[in-house]
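Next up: just one chain, as structure tokens, the form predicted on its own.
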Amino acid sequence: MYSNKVKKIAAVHDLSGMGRVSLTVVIPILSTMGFQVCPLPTAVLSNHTQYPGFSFLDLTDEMPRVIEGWRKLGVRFDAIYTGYLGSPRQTRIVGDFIDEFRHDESLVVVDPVLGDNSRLYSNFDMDMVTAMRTLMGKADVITPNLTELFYLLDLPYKADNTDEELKGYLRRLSDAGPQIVIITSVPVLEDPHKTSVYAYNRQGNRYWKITCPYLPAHYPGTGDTFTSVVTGSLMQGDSLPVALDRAAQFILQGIRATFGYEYDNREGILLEKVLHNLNLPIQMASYELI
């Protein structure tokens, strides 16, 4: 039967009052792309953790109650998208949620947030890595950065990797469950002014690469922004390389819109200036098949 209903996406992320990260990025991006975002908050923070201090309300005990409420309503989600999870217990709650609520046509996206710059985040240990490996196995799409890739594969971190090495890593992660694996924040050998994204789709057995200019400024939330655009793009029916292109271009537009302001970078990119670009056609294709 024909249906033109708005698709629902369950978004399992934390909520930070200051700084454009997690739900304050996920909701506007996916709403702009035409989806109803249904938050399952994992924690509420006054501001994200890259500020020197923050309040933190752990919602681990509340998460099963929210899920029970959705169960009673008979809600059907078209996608489940998870980001920062605070503990192995939260990953188990989310894993059970995915098992119960996924269906043949749903998309499950897991951003396995574990660390960056070759190290785990300070509140995580190897138990969290093990729990994330289990959750990763339930996903259709995962989006680790280079640090998270090596932790998930239980390999020592290495910044310089050839295309062939990266293709091997992608394939190994895909063999653990996900059909699509996307690695972000990959340095470009011998060119510090560029960064790249690599991806593999087991369906079709194809590897993709996108290279972008690297701007000398760090903005929290760009990982959440990237994965949100990829998720929305795939949900709209785009191919994987087009989804990667849209996400990479949107991040670049956001950073360029922000770069000229006298501005505290910890607040993230000025999303409000570029949200409308999500409804424009792609300016140019920058992906390549490798």
Ligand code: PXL
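One-based numbering along the sequence shown. As the structure is a prediction and not an experimental result, all values here were calculated from the model.
Unshown form predicted in complex with this ligand; subsequent notes refer to it.
*One stretch from 233-241, 43-51, 254-262, 58-66 that, in the predicted complex, holds residues within 4.5 Å of this ligand by heavy atom*: Single hit among the candidates: 43-51.
*Report the residue, out of 197, 113, 149, 109, that has at least one non-hydrogen atom within 4.5 angstroms of this ligand in the predicted complex.*
After the contact test, the surviving option is 113.
*Report the residue, out of 12, 9, 21, 269, that has at least one non-hydrogen atom within 4.5 angstroms of this ligand in the predicted complex.*
In short, 21.
*Report whether the minimum heavy atom distance between residue 224 and this ligand in the predicted complex is within 4.5 Å.*
Close contact exists here: in the predicted complex, residue 224 approaches this ligand to within 4.5 Å, heavy atoms only.
*asked:* Under a 4.5 Å heavy atom criterion, is residue 121 part of the interface with this ligand in the predicted complex?
replied: It does: once this ligand is placed as it appears in the predicted complex, residue 121 has a heavy atom within 4.5 Å of it.
*With the partner left out of view, is residue 208 within 4.5 angstroms of this ligand in the predicted complex by any non-hydrogen atom?*
Answer no; every heavy atom of residue 208 is more than 4.5 Å from this ligand in the predicted complex.
*Would residue 84 sit within 4.5 Å of this ligand in the predicted complex, counting heavy atoms only?*
Close contact exists here: in the predicted complex, residue 84 approaches this ligand to within 4.5 Å, heavy atoms only.
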